[in-house]
Structures are given as C-alpha cells and as structure tokens.
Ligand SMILES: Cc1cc2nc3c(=O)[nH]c(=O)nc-3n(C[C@H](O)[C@H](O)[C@H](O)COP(=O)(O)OP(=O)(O)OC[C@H]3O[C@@H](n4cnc5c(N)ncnc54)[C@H](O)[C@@H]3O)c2cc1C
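Just one chain is shown here, as structure tokens, and it is the form predicted alone.
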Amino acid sequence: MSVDAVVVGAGPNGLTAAITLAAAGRSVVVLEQADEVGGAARTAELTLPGFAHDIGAAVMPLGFASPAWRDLPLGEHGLEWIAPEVEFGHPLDGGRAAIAYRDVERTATGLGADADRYRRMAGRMAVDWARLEPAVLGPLLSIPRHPVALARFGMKALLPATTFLRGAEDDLYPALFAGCAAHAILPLTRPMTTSFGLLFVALAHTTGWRYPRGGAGTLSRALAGYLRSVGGEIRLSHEVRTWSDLPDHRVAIFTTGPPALAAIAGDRLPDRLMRTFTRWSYGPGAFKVDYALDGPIPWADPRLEVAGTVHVGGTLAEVTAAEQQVADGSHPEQPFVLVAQPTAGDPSRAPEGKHIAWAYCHVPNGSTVDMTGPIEAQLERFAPGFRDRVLAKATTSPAGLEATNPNLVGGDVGGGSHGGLQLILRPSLSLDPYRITDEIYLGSASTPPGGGVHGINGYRAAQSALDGPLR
C-alpha cells in the first residue's frame, strides 16, 4: 500500500499533522509503537480505582489557545475544556500567595506595591497577544506581521528573568512571574527566560490555563476520532526502528527527537544535519508524583484550592537557586514544584469527595534520585497537613517517563534543552525548520514553538509538506 504521507508517532503533534493532511484530501497513516494514542497526553488509574491521573501532561495553557486546533470540531469527539477559577497561584511563607486570575486588574490588586508594574506588563501582553501569536508560536526566521508589537515584546523577552524583575518592591510579583519563567527549565539568570514568563502571563489573561475534562487522554481520543472521521488511519503497536518499517509514501513526518530521526533516516539526511541531530542536547528531566487524596490540598491560603496550577517554590531567589542547582547537576533540597489540581474543576476525575494532584520537579537528566521527600516537604511547607490527605501515590522517575514515551529522553519533557542556541535554533537554522529534506519532515517538540501540548509543531510540519511535495 502506498500513501501520500506517513506520520511517526500518535501523540498530539502526530495526530494534528495527520489531521491537517487528511483534511486537505491527502492519504495518511499514523504509526504508533504503543497500544493507544496520546504519547505523553494520556490518562490512567495510577494509584487507586476511580482516580484518573494524567500520565504526562495535565494543564495545557497552549492547548485551548492553539491555532492548530481552534477550528477543529473536537467537541463533537468528546473534548471539553475546563476554565479554572484561578489560572495559577504561587504560595509564599506566612500563608500568603500571589494569585493569577483571568482578569488583569483583579490579579494586579493582589500584588501589593508592584500592582502598577504588573498591571502595565500583563495588560500590554494581553492586548498584544493576538498580534504576537503568529511570531511567538512560529519559526524564528519569518517576517513579522506586527513588527512594533514584536519589538516591544522582544526587548523584554531577551532578558534573564532575574534582570527583568529587578526593582520589584514586594516579593509577590517576582514569585508569580518566576513560576512562569521556570517553565523554561533553565536557571532564571539565563537570557530569554523572561520570554517564558511573558508567554504564560499572556495566556493566563487571554485564553486561560485550561485542561481537558476527563484528563489529557480525552484530548488525544478526540484528535484520533476526528482524524478517522476525515479518512486518516492509525496503526497501533507499530514500532518504527528502520526506514523499512515505513509503508511506501511520498513524505514522512516524524514527531520524534532529532537523534531518533537520524537513527531511522540514516544516509537520507544531509551530512550537516546528521551531525547536528546526533549531537542534539537534552535538558533536565522531571520526577513526578501522582496523588490520590482524601480531600483538596489544604493550602495555607485557601484561594489556591480552586487553582488549576500551583507553582511551589517560594521566593524568586529560592526558585532561581533551585533551578540553578538542577542545571549544575545536583538535586535541590527545596525544589521548584509544579502542581496540577484537576479535580478543582473536574470532580469526575476521582470518587465523590476525593481529589487528585499531579506534581513534578526538575532534576538532572536521567536522574535516579527519589525526589518524593523533597516534593512533599515543599507541599507541607505551604499546605500544612498535606501528608494527612494522601490515600495513595505513584512516583515516576525520568526513566519511567521515557518508558511511557520515548521522546522524553532522560525525563526531558521539553523536546531538548532550551539552553544556548537550541532555544532558538530548533532543530537547526532554517527558513523552514520543519522541512528536513523534500521527503522528510520533523514536527516534534524539537521544532518551534517547542514543548507543550498544542499540536502546533505537527500542524506546521504538515503545512510545510502541503506547500511542497504534497501541493
């Protein structure tokens, strides 16, 4: 059998690439080594019966905002996005917390002496986001549609987050912003970490930090259902190790990391790209704990109980120190912990009256250290009595994450390090970073705009193929 396109990987990027091609009338088959679709976007009962935990991704700030999905009828295939009452929060000692609401003004008024500073920054980002989106979520080497807005963003985005936050008068605003900037998985003293903070602040005040009702698996099943409805085929339990594992095709879109693509494609890649791909650098890993709880997390500031996401790490200085330790190859005693609380808005994820929580911290790539103790100490610090609520827990090491999805090499959830030139050259310097050759395309988190659950990488790889051989 011959097809127009074969897509390797049935995660959100692979499914989105296939949808884009099938909807354009091209024949497409998706090959997935696992026995279900989703990649890192899956849901399972990891602790106790009736508690539905996300295996990988949980909250998806770019999901609802994704230009790759906004026009797809995914609701007809079971997808419903939940908008939390609180977008995200960041607790500090003494029972205080910085709270991000959808409304800029409501958020700013809770930030004390820095209210005006936050109001100006977040208000501008919210106003400019529609103009910025095509450039921020697209290839680096493209002509901006709104150069003034992009220049205004870029002047700030290039800065280290610690530099951007200089002059703050209180500790609430710097902590709130630091939690967003730490999604870079880099020390906050590094250039361009401010860009992550600005991006996630903009999303909080525009489309929101939403998540799928029923869990991440609901999103993946909706994408798969829509793909089949437009004629696409999915083959599960079909591992691709060599080029001969692919059916006859005109183009192949990979949603793997560059090293995996290089191993499969071999001499089909130009020597320059083969060298670049085999030297691809992966960033820190993640250590994750999923909790079945007897009630909501008992935050010292009760407003956090309805937050979809809570960044746990203390002050700007503490978050900065923790991420620097990880970059230096050590394990912080007080890690920066990302916490998702799906049952705050979706009680169907646990038995009546019960809750789930999803928490992870950054660790050196491939770490074998059990970080459960440090994670729980941080939670207990800001939510006294947390341990008393735990009914069961399931831990996932970096190796465990990679076992669930080979793209998470060493536990790296970002598709490759954001350090150095890899932040902007993903996977290499090119006007079209998705086109590797006329036959081979890359649509994974190792291409712009990077990691996260949004399908944009796969969508743009498919569009590139449609503009080329599949025109």
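Only a predicted model underlies this, so the values are computations on that prediction, with no experimental measurement involved. Note that residue numbering follows the sequence shown and begins at 1.
A second form of this protein, the form predicted in complex with this ligand, is not displayed here; the remarks below concern that form.
Participant: Thinking of this ligand in the predicted bound form, which stretch from 322-330, 352-360, 149-157, 165-173 has heavy atoms inside 4.5 Å of it?
Facilitator: That would be stretch 352-360.
Participant: Any chance E239 has a heavy atom within 4.5 Å of this ligand in the predicted bound form?
Facilitator: So E239 counts as contacting this ligand.
Participant: Within a 4.5 Å heavy atom cut-off, is G452 in contact with this ligand in the predicted bound form?
Facilitator: The answer is yes: G452 has a heavy atom within 4.5 Å of this ligand.
Participant: Whether K288 contacts this ligand in the predicted bound form should be assessed with a 4.5 Å heavy atom distance threshold; does it?
Facilitator: Heavy-atom contact with this ligand at 4.5 Å: present for K288.
Participant: Just checking whether A10 would be counted as a contact of this ligand in the predicted bound form - the rule being heavy atoms within 4.5 angstroms.
Facilitator: A10: yes, in contact with this ligand in the predicted bound form.
Participant: Looking at I55, A65, A52, L423, which is the one with a non-hydrogen atom within 4.5 Å of this ligand in the predicted bound form?
Facilitator: If I apply the 4.5 Å criterion carefully, the residue I get is I55.
Participant: Using a 4.5 Å heavy atom cut-off, which residue among S367, T207, T256, T218 comes into contact with this ligand in the predicted bound form?
Facilitator: Of the candidates S367, T207, T256, T218, T256 is the one lying within 4.5 Å of this ligand in the predicted bound form.
Participant: Would you confirm whether the three residues E32, V59 and N407 all fall within 4.5 Å of this ligand in the predicted bound form, going by non-hydrogen atoms?
Facilitator: Yes, all three are in contact.
Participant: Where, within 304-333, is there a heavy atom within 4.5 Å of this ligand in the predicted bound form? Residue list please.
Facilitator: The stretch 304-333, when checked against this ligand in the predicted bound form, contributes no residue at the 4.5 Å heavy-atom cut-off.
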